[in-house]
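Here are two versions of the same chain, shown separately as structure tokens and labelled structure 1 and structure 2.
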Structure 1
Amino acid sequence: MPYNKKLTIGLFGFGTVGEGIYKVLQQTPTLQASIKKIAIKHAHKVRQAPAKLFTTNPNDLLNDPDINVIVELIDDADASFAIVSTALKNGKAVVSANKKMIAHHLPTLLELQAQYQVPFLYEAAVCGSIPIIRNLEEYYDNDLLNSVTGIVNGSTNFILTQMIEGGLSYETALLQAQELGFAESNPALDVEGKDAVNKLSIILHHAYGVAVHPDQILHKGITRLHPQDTRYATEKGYQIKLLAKAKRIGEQELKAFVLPSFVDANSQFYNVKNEYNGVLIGSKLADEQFLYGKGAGRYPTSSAVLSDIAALRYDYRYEHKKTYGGTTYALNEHSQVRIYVSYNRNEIVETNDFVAIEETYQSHERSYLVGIIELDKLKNAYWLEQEGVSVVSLDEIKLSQTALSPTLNNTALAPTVLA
């Protein structure tokens, strides 16, 4: 596709983002892009576009020789994969925002892109309006990255901001996020950390060239957080953020996880609030750079989709340099993380799972400990799944700020009734 070639688009999905794309393309003739057909699921729903544009038959788009770009904006990951893989096989460029589909099928999609020599772009799948994929692909393509850490889910960040600063309960903050359109009616993917780990899987590929299925990465959301945890944060001067973290350890190994995390006022993430996202890139050559922008809502996603569509005018595609050359990385499941664990009086936390215990507190109602644990031990700990247990990472807090105490080994720590 030369720079001035017209893009004829087949659009899958006409929700808030799809409708926004349709309207912007109508108002931006300089893009030389137009929508020929839109595939939808429910034919009788009233939509703000001419009826002749709509069809319920995906093949009307996938088999149309005039359509050279497929823009896929549906929620169903399985249907999305079928659409995208067929489009690539048919020689059509693809723009997608489905992070679950991409994270779960990335190796296969890369093979199809290489085999059929067509672009497959998905900036909108990660961090909304923040161009993190393009930066990792272009600006950092030859740089040795030390770390990539981010608030990558605007819905959970909004909820956590309201819990810490507004004093709201989790349930009330979630309801407010839903009313404002930052969280879905079924918010499980966001609040359980699944959306964030899908995005981290994609980031790992573009930052380090590794293909890691999301199920391989430790991830916990914010549903288990207790009012005691927010009180602890307030007393220490911390905020709580759901962070996705990838960090290079040694020459060829990586540490990666998604966990609620304490951050202090020295952190770039401390003032990233409400529906905003932030990504901190630690570079061997350029030190640290911070990207900030809206991560939830109709317009941030639309912005990223439009950027990808515009890039197709000059046949832009990801080169995946970190995958096809250079250092080969692998996850190290024995890497360590510092965590805070709070639990009610009926729960038991096995301290022999920990490398070290730094702090303990016991009370009638709620107790906690601070310790260092290997990621695989934490991922497989039976107590992590107990209803009354919550875990928050302290990896972003400097060690000097945490008082150390002797390691406790081979014991089960249960709350002691204190006088």
Structure 2
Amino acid sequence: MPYNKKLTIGLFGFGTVGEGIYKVLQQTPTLQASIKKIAIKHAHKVRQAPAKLFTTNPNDLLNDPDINVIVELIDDADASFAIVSTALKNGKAVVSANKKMIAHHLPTLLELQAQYQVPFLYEAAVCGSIPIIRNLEEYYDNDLLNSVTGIVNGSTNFILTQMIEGGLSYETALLQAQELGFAESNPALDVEGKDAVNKLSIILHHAYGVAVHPDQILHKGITRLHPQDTRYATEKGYQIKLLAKAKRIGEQELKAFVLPSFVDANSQFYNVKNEYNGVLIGSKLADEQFLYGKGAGRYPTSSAVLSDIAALRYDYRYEHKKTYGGTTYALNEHSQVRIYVSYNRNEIVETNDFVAIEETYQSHERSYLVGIIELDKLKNAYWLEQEGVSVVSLDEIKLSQTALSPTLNNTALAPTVLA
């Protein structure tokens, strides 16, 4: 395949990223990639591009034999799946940023790629500008990869930073994340941890060759965090970050979750602020490597889309080597996590669910406990869904640093129901 293959693009979507990539391609003529047609939903919106480029008929792109690349940048996951599958069946290479669609349809998308033998790239779907997918695909053999942990959602990181350091309310910070083009059209996907778990599912696939549906993975967002949790963090010198984690815990087993997490000043994540993302790779030989960059926003995301388009010039494709040839991994839902739970009524937390309770603090205003629990117990815990309960992972904090504070009413308890 020649390195300078000419790319004729059909673009779906002209929102934050779609318009971004349109502008960026105009400024990169050496790429020899031109947009022939842009499919949009609403014909009458004013757009900063010639009207003749636009159509509301997807088939104008999908059935055009001149178009050899479909770039799909819409936010509707169902429509995205229909577009991407048709494009692959029609022999067109596809670039997508739709993490929800990819995470929810991984096995089918793998089959389509195997059957039709066309590239399907989606670097922009995970961590915006950080080239994590291609690194996991090309550089890390899974035997060497101990863990992949990341701040993978820019909006929630922006909101947490603005609330804790900028003194903004949750509502104002969320509104800003929307105005700046970081948040999903439905921002519940960001704040409830859905976007992060979709990205974790894609990471798990490229890191360990597993196709785990996001619903199978424990995930909690930031909506339940209480001011007491931030006070606890400040008292201990921690930051709260929404972390997605995949960790090899045995020869063939994985621990995976998305949880708000305390991190201390020694952590690489401590200074990852606003819409920045960071991914810490734990490797058997290299020890730790950290990738850092903007995870959301028009141009950071466009940069990953552009890199995928550029890679199509030499027909680059993911080989999914870990799926087709590596160790077979599975999630171990009995793996354990150390958590802090805060709550406003003493009887609310079922401590029998815990393997061990390490610390409790009770007051009439708000109480908390620190304990170890299995992931499936936490995933199914009815008490976690009740009003006023919040959970933060302590998985990133070394045990000695969670040593009981002499100023608080700590009691080592055998698991029992707090009353």
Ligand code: HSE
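As the structure is a computational prediction, the values presented were derived from the model and not from experiment. Only the largest set of C-alpha atoms that superpose within 1.5 Å between the two forms is called the rigid core. Throughout, residue numbering runs from 1 along the sequence of structure 1.
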Same chain, two copies; the copy that is the form predicted together with ligand HSE is structure 2
message: After superposing the rigid core, is the C-alpha displacement of Asp315 2 Å or more between structures 1 and 2?
response: no
Q) Taking the rigid core as the frame, does Phe182 move its C-alpha by 2 Å or more between structures 1 and 2? A) yes
